[in-house]
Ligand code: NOJ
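In the block that follows, a single chain appears as structure tokens, in the form predicted alone.
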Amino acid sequence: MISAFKRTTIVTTITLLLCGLALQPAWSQMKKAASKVTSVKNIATPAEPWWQHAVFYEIYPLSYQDTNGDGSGDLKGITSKLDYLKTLGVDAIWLTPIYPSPLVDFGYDISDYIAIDPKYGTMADFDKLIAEAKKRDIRVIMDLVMNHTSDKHKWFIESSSSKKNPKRDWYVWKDGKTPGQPLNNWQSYFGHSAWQLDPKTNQYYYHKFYIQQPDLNWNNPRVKAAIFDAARFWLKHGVAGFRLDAVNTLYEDPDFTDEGIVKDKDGKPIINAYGDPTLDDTKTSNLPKLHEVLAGLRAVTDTFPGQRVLIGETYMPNVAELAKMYGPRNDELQLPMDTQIGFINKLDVATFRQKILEAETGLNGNLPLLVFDNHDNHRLDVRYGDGTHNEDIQRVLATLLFTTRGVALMYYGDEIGMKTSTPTRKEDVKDPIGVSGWPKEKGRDGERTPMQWDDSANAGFTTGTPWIRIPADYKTINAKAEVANFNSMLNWYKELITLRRTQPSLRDGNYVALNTTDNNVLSWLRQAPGKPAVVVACNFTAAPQNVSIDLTGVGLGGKSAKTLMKTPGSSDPASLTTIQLPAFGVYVGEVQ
């Protein structure tokens, strides 16, 4: 366990940072002591890329911190919270889009790739964020949307003006099969046909997402050049890399043939939330030419100093397809997201064990990027919680994220246990998905609510009227309240991240599955040569479990363990053969 002094120091430091208080001279010695605990750097060798052991933190800028009272988060707000992020142990922040946008899809409909939306601030604000983050050894990752633009982008305005416009082939335009009928059955992810008729030119344009998000034509080399130039623009401004949105959808079947209809066990089409038959996406996702683009973008980023990184939004059907995203010579994405582990969406020991094993053995030695939560999916309480033990379940998931072998990506608010707050009335819905799919599909508002900083008005997020409703639980679930509580979710995350940095076996060790026939408790060992091994056990059930771990098979038979972390209120085990886990309990111990 981290000592009481260290935990008190952590709590005091975070409190001061959150409240924005200046440290007086009397606190100078405490500040120096705190820096030894809260600013622990990765014990990396110079040859290792910085991202290999990093903690990435996704920020939804609209909901993080407002500084001008307009009810929407901004860049200055993010800059104001960098000390909080540093104290938490974050190495890099990923910002969802901050480009100019009509906000049909809340920034993922971009109207200008090389500017800042005034809603978030100015380019000077962005450059200051980069500079202030650098002072704290925090890197900034931009979201690069390569699949589509806004229909208000100047490229599309030109493209749609006539069939003879030079930018006509920057987008995917096709004649209909017959008058009034699209070329094929392809669907938008957001409901109904993916083809929109333009009456002016009497052709359809393709949109994998909203009607207002026309797909770029990646078969046109000028499109590739323009997007790569946009990437260079931001790399020159100091970004550490990009998260590539919807990257699997860049290419479509060149023959434009129909996709298959997914059917149930009785052979009947499965109908989605929009009333359409579910399609298999085989003609519009993950096509081979994608890898040419990824290799090309990697070549661009590799020309810049500082080990810039490419992160892929990669929802893959299996680990073999995920492995391809790294490239045949590890020359494509450094970090394609392994969503197969974090989005199992049920606490099933056998499934987690299998998916972790697949990541260990099926990625050609590459590290997986583990992610359990993001802005497009309900938060952990809805996807994994049981309504009674939600907080303990969130501790289990955080432990999996930070102590298995992989790079960790977390979502803002997870560290304080923020809950999903889905609208109960259609008139309150902001997300167009919820508007069009109500009531079966209620949209993504629930996972995009403002960060809950304290128990003051609007959770300390804004002095104005927030752009979206603040959840009622902010009075008790907020960062300020959790700082002073040793057993809070915030301090659980902080301790896990500190252990990940300071324990060589958690940082660099091999992963060894333990007790592989136990379907109630997931247990594993992390072991680095010449360093103390670390054992982890997580109870996946609501019933207490007794765990007996025998390490004879890894040459550690008869060893005991020193407790590093455990579920609040649980007991230290007398030995590794007598670990008692409460409901959804966690034990982390250093083998002695």
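None of these values were measured; they are calculated from a predicted model. Just count from 1 along the sequence shown to find any residue number.
One more form of this protein should be noted, the form predicted together with the named molecule, which is absent from this view; the next part is about it.
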**OP:** Name the stretch, out of 130-138, 387-395, 283-291, 104-112, where some heavy atom lies within 4.5 Å of the named molecule in the predicted bound form.
**Re:** 104-112
Original post:
Of these, 190, 156, 186, 218, which has a heavy atom no more than 4.5 Å from the named molecule in the predicted bound form?
Top reply: 190
**OP:** Quick one: from 243, 207, 494, 379, grab the residue that has a heavy atom within 4.5 Å of the named molecule in the predicted bound form.
**Re:** 243
Subject >> Contact test in the predicted bound form: residue 117 vs the named molecule, heavy atoms, 4.5 Å >> reply: no
**OP:** Give a yes/no on whether residue 444 approaches the named molecule to within 4.5 Å in the predicted bound form, heavy atoms considered.
**Re:** yes
Original post:
If you check in the predicted bound form, is residue 448 within 4.5 Å of the named molecule, heavy atoms only?
Top reply: yes
Original post:
Is residue 454 a contact residue for the named molecule in the predicted bound form, using a 4.5 Å heavy atom cut-off?
Top reply: no
Original post:
Non-hydrogen atoms within 4.5 angstroms of the named molecule in the predicted bound form: do 324, 358 and 405 all have one?
Top reply: no
Original post:
So which bits of 146-167 sit within 4.5 Å of the named molecule in the predicted bound form, heavy atoms only?
Top reply: 148
